[in-house]
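Given as structure tokens, the chain that follows is alone and in the form predicted alone.
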């Protein structure tokens, strides 16, 4: 079974798996960002690390247009010509039927890429069954996260993204191939017809909005991972929310540094955390039109800074910050991430909370600077 590596949460693992290809969402090793991989100046260390590691450890790599650095990284890897590369266009605008159609069309184009790799176009029933399997696995994961520390939860999500089964560490059901070992060790549809596209009309979009409004709590990407009250009470340290971009392998040291400084992560809002889980699937729509339910659960509900308008992100923040009782916000971002750098300024205005804009390089030897800034920030909150 071929493996396909990706980083963006807007790439549905279910869609890849339904084609008989193994999806693996990778947290790269920052040490993989070698000088020989693309230009140095002005390039995100995370994008460099992902490109270098993915290009040497996967059968194919999927990039998305949600990040300009990753878009450029796709060009670097394509120029090398040694690894099949797919660049998926994820529209920044998201509230129109046209944007949903474009995302759906990109999934279908990705499907043709997977078939060319040796996969098979799935039937409607196979796609629906695969989606149900992943939905059940995420439900188990959400239950497990509630009893974990912030670092433990982050590492559990990383293992899940690589394909391990929650609770036993094994591969997902029906997967015969063993987990591919990545360099650096373990991590810190059916073709649619005209009749089936009616849900993409303005009326169909309005119907989805009505359904989403009625089930807002159920379909909230993180409302179901809130820690039990007893667990929250037992935690010590000033509550802090960590918001921002993806975590690389080894970035769990962020949680350690925060705890050492007298704080605790009450909310993990990084790209690698539960903020970017897709919404639970609607079982009725899953059987009627699994591809559009996939579009709705991923493209229609995941909040992120790249989206325009970015109202989903601030709606999510308003709800989750209140639930977590966070007293401050750390914006985690790799240097040259303009998207989250801009968001840091707006977060100060939108939340009225102290905000630390923490830019990191991925170099372990330089993390002391970040730890010192975290220590100073926690002194402000005390």
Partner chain sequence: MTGTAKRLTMEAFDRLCRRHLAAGTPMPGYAGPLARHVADGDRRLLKLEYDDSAAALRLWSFLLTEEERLHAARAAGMKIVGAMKDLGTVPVMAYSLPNVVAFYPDGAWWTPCVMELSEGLFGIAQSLGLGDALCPVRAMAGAFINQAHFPIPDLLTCSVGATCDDFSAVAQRLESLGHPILWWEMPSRRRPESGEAAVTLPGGFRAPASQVAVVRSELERIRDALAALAGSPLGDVELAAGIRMANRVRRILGELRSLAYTVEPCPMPALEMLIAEMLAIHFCSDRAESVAVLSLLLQEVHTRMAAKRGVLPTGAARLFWVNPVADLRVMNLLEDCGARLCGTEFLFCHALDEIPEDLPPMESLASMALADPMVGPSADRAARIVRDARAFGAEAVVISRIPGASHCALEGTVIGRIVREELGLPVVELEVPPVADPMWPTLKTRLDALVETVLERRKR
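What you see is a predicted model; the values in this text were computed from it and never measured. Positions refer to the first chain, counted from 1.
The same protein has a further form, the form predicted together with its partner chain, not shown here; the description that follows concerns it.
inquiry  = Although the partner isn't part of this model, could you tell me whether residue 73 comes within 4.5 Å of its partner chain in the predicted bound form, counting any heavy atom of the residue?
reply    = Residue-level check for residue 73: yes, a contact with its partner chain.
request  = Would you please decide whether residue 325 lies within 4.5 angstroms of its partner chain in the predicted bound form, comparing each non-hydrogen atom pair?
outcome  = Residue-level check for residue 325: no, no contact with its partner chain.
query = Within a 4.5 Å heavy atom cut-off, is residue 147 in contact with its partner chain in the predicted bound form?
reply = The answer is no: residue 147 has no heavy atom within 4.5 Å of its partner chain.
ask   = Should residue 293 be classed as touching its partner chain in the predicted bound form when contacts are defined as heavy atoms within 4.5 Å?
value = Because no heavy atom of residue 293 falls inside 4.5 Å of its partner chain in the predicted bound form, the answer is no.
message = I need the one stretch from 54-62, 332-340, 23-31, 315-323 whose residues put non-hydrogen atoms within 4.5 angstroms of its partner chain in the predicted bound form.
response = Contact criterion met by 332-340 only.
message = Which residue, 310, 132, 164, 259, is the contact with its partner chain in the predicted bound form, using a 4.5 Å heavy atom cutoff?
response = Looking at 310, 132, 164, 259 one by one, just 310 meets the 4.5 Å heavy-atom criterion.
Interface residue in the predicted bound form among 87, 286, 238, 117, criterion: non-hydrogen atom within 4.5 angstroms of its partner chain = Selected residue: 87.
key: Full three-residue contact with its partner chain in the predicted bound form, heavy atom 4.5 Å, for 355, 362 and 379   = No, the candidate spot makes no contact with its partner chain.
ask   = Though the partner is not shown here, which residues of 92-118 have a heavy atom within 4.5 Å of its partner chain in the predicted bound form?
value = If the 4.5 Å heavy-atom criterion is applied to its partner chain in the predicted bound form, 92-118 yields 92, 93, 96, 98, 102, 106, 109, 112.
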